[in-house]
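Just one chain is shown here, as C-alpha cells, and it is the form predicted alone.
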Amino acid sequence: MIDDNRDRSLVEWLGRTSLFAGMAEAHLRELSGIAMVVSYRKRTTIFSAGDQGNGFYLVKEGKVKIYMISPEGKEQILHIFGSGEPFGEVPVFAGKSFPAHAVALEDCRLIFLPRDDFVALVAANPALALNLLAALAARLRQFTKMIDALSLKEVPGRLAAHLLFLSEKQLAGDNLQLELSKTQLASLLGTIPETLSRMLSKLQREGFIRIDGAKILISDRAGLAALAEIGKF
C-alpha cells in the first residue's frame, strides 16, 4: 500500500507521461513499486553503445542527449529527451544492447525501470503493452521524419521542420524556445554551427521568424511549412 507522499507523487507523475497515460491507478502503483529514481550530473554518461539493455528510463527532470559516433569520430545527435519522455526502451524488449550513447545535457533526475520486473508487469497487464506499442509507433514516425529530413532535404528545410516541431512540442503557438546550443542543434540537423547561424539569419531576413536570443517567434508559419516541405529556399 502506498502511503508515502513521495510514492504518491511518483504514481501521479507516471500517469501524466505519454507512455503510461490512461492506465489504471493499480497498475501505476505496480510501476512505482519497481521504479528507481536516479540522478546524473551534467555531462555524465548514462549508458554507452554496446551496454546491455537491462532497463529503460523516463526523464523526470532535465534533458538527455542520445547520439552516435561515426568511425571518423563525428557526433550525430539522434534525439533530445525532456520531462516525461522515455528512452532506451527498444533494446530492453529486444533483449539486446543499447545501439547509441546517452548523456545528461544538464543535471537530471530519471526514473529507471528494470527490464525483468517491467517485462513481468507487461505480461500481466495487456493495457500496458498497448501503451508501449503506441509510444514505439510514435518514436518510429519521428525517426522516419528525421531520416527524410537528413537524407532528402537541405539545411534550410531541416531547420524549418525542426522549428515547427518545437512549436508543436512546446504548445506555445508561434513562440518557441531553442532547447539546445547552436553546436548541439547543428549536430542534430546534420550541419555545422556556422551554417546553422547563417540559415537562422536568413530565415529572419526573409521574414519567416524573429529571433531574440534563444527565443523565436514564427512570423510566417505557412511559409516555414512550405520551406520544410520543399527543403530549400
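Counting begins at 1, following the sequence as shown. Everything numeric in this text was worked out from a predicted model, so none of it was measured.
Omitted from view is the form predicted in complex with the DNA, to which the following refers.
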{"query": "4.5 Å heavy atom contact, Gly88 to the DNA in the model of the complex", "finding": "no"}
{"query": "Contact test in the model of the complex: Gly53 vs the DNA, heavy atoms, 4.5 Å", "finding": "no"}
{"query": "Interface membership of Arg198, the DNA in the model of the complex, 4.5 Å heavy atom rule", "finding": "yes"}
{"query": "Contact label in the model of the complex: Glu194 to the DNA, heavy atom within 4.5 Å", "finding": "yes"}
{"query": "Option from 183 to 191, 162 to 170, 31 to 39, 57 to 65 whose residues, in the model of the complex, bring a heavy atom within 4.5 Å of the DNA", "finding": "183 to 191"}
{"query": "Contacting member of Lys96, Arg141, Lys74, Arg109, with respect to the DNA in the model of the complex [4.5 Å, heavy atom]", "finding": "Lys74"}
{"query": "Heavy atom within 4.5 Å of the DNA in the model of the complex - residue from Ala100, Leu121, Val155, Leu132", "finding": "Val155"}
